[in-house]
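Two forms of the same protein chain are encoded below as structure tokens; each is given separately, as structure 1 and structure 2.
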Structure 1
């Protein structure tokens, strides 16, 4: 799921070379949102801000549109708009106000899980060809740093991943899970798995 962090002050200063109207999203703050950083930054830029709007779920076109309709004057007089939200929110505002320069105030990252409030322990790589039947229900794409499908690389040390030494090697977890559910033979099945990236474009 998506979360955001404030952009560097250099980048933001560049946007604030003109006077901007600020949109702030509040939707996902229960998961993680750089609320304080944004407020601190905004308080230092007061003379450059022509107005601030805080909207729950700015990504919802309907909400953003209703706010904009109600506050046409406030918004249309500004020289540009800065949006503190994930990339979806920025794109929605940019579409609704396509005559205005719209800038992103944040960079967006993702955490485990689809959009929701709860971050999950497991993740889905959105590959469109679920491999979980081969791997005891542990995703090799997201639990292996290299997304390997046919077994582990040789890099695990003390069962930990070579890329992130504090994390269990996904393939060793798979191996151990399969043993626990008496499916150890699954790994020995013949056949080589190769991803089909076209599924992502075509939608399965």
Structure 2
């Protein structure tokens, strides 16, 4: 099981310096979703919201594609996307909207219990500190065999991971994605990211 919590108001305010389209995912009934907090926050950002889509199972690419097609004009006119879901939903939207910056509105925490067995292209480490806003919607913890937060290890060859040679290097994918959405400078200005394991252990 897992739980999603709203990111800090400072982080959200930074995202909403742009005009954003909002996705909210209600798919997993076992997931706590801070709907009331999200709605309260969004009510004060109406001028910065180009549209809102509420969807079940954003992790399902076919569902997500249909909602994107339904809202294509409002998505085209926004400056970025914010996704209120677990980390999987954020990554799926980033994969489908390659030319848009995609930001996580929530942090995802692990809870003891059944996790489910759905086969997905994306995975969420449930680390309690979602870094997807720094890395173009590609998770450095689940896409990098070493879980590195501040760039590649240097062992990649032909864009492939040195640990799993058949798999793309997560950090090369992150770098290329950030360039594509004109956020290549993000990696330079954010400083060193340090993972706080207390958030995972205590769920804080």
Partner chain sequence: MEKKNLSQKLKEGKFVITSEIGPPKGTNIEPHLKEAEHIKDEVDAFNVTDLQSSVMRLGSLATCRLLVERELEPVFQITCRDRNRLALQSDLLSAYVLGVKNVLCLTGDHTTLGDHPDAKPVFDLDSVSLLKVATELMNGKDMKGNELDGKPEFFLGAVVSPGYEPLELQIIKMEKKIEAGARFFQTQAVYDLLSFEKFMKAVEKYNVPILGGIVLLKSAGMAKYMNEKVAGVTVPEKYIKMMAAAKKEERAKVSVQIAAELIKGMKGLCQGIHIMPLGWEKYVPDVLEASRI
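Predicted model, so just to flag it, every value in this text is computed and none were measured. Positions refer to the first chain, counted from 1. What we label the rigid core is the largest C-alpha set whose atoms superpose within 1.5 Å from one form to the other.
- Of the two copies shown, the first one, structure 1, is the form predicted in complex with the partner chain.
- Superposition of the core reveals a Cα shift of less than 2 Å for residue 50 between structures 1 and 2.
- After superposition on the rigid core, the Cα of residue 41 moves by less than 2 Å between structures 1 and 2.
- Shown in the overlay between structures 1 and 2, fitted on the rigid core, is a CA shift at residue 61 smaller than 2 Å.
- On a core-based overlay, residue 176 has a Cα shift of 54.0 Å between structures 1 and 2.
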